[in-house]
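One chain comes next, on its own, written out as structure tokens in the form predicted on its own.
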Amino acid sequence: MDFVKNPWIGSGKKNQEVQPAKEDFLRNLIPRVKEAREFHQTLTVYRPTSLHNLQQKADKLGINKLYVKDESERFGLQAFKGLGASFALNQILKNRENDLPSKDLTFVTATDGNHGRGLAWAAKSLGHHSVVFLPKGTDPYRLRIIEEEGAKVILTDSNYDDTVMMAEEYAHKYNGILVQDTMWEGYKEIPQWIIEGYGTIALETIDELEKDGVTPTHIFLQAGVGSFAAAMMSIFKSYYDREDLTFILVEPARANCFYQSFHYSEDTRVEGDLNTVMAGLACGKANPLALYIAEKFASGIFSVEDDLAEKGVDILARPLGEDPKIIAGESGAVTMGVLESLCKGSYRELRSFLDISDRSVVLTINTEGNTSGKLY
């Protein structure tokens, strides 16, 4: 695994240029996230997902505590994405109340699996239609379970980022509403609602950690397109407001747009097929807002091969002692694979830089369960 430090933090470099619109988003995030959680609590399927304390694993790794927030339990969808999709659709419909009646709307998105299923579920729950574009190489099981949520599925012969553009073109041509978890010039409001929806994870986690009387020192987050990581970093940083709170991002080596952007100190797109078992993280271009937030808060980024994600799956599925068993997909488990390698491998200098020690309270988030139909 390769690691690149944040070029703007702790290096003496001047931080990136302050962007007023993005700073305004950060300043006003917490009230909007609370609104999102209140909406989620109105859903009949809502309940907080588990925050597991893996104390015996923590002892084995030589750290104080290890927590895993388990989003495989979310809404029966085995992933967290329904949080963002449902809140975004709710906001879209609220904003249309003064327009023509919102009947038979079609919501459109591109996905490598979990976001598309979340959108299809949310659209069906609200009585509307969905069209979901999938990039080439998508697991047939992921395609099928999206169809089972009532979506029209279109499998493309392109990678994720090009598939996003196809979804945008389709929505424009057929009067659909694009619900995408990344943003570009002229398309910002809906992705921001999605980020706000993800914030329910952080608020639930804060509640549970307070019951245990602990505060995290290190939070490992999957990057992907970055919206999930942006939500978590912004909320935890705002709530705890601690200088020693360390955020560490992780992404696949074959789709490491955050790693490359940090390495070159500029927004960098990764081209090609983006082939990785971490399908939920196979994105070649970062959400600009998420990259801005990462540059402010992340200590650095790991770019990792698939074997570490598979290692993480195995670690969570084979717990130590009385630690709970957690079923995770590769995208959900990769942070655990990185933590294990970091603590048990020959990374003394890097552990020192990240200040990981027997005092550390580490939080990871299992963002998906068994979403590809594999047998455990």
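No experiment lies behind these values; they were computed from the predicted model shown. All residue numbers are counted from 1 along the displayed sequence.
Quick note: we don't show the form predicted in complex with a small molecule, though the next part is all about it.
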**Report entry** Site test, R74, T200 and T364 vs the small molecule in the model of the complex, non-hydrogen atom cutoff 4.5 Å
**Finding:** no
Query raised in the report: Closest heavy atom of F133 to the small molecule in the model of the complex, within 4.5 Å or not?
Result: no
Query raised in the report: Contact between G82 and the small molecule in the model of the complex at 4.5 Å, heavy atoms?
Result: no
Query raised in the report: Can any non-hydrogen atom of P191 be found within 4.5 angstroms of the small molecule in the model of the complex?
Result: no
Query raised in the report: Might S86 be said to contact the small molecule in the model of the complex, defining contact as any heavy atom within 4.5 Å?
Result: no
Query raised in the report: Heavy atom within 4.5 Å of the small molecule in the model of the complex: which of V304, L249, L281, C257?
Result: L281
Query raised in the report: Exactly one stretch in 264-272, 216-224, 294-302, 241-249 has heavy atoms within 4.5 Å of the small molecule in the model of the complex; which is it?
Result: 216-224
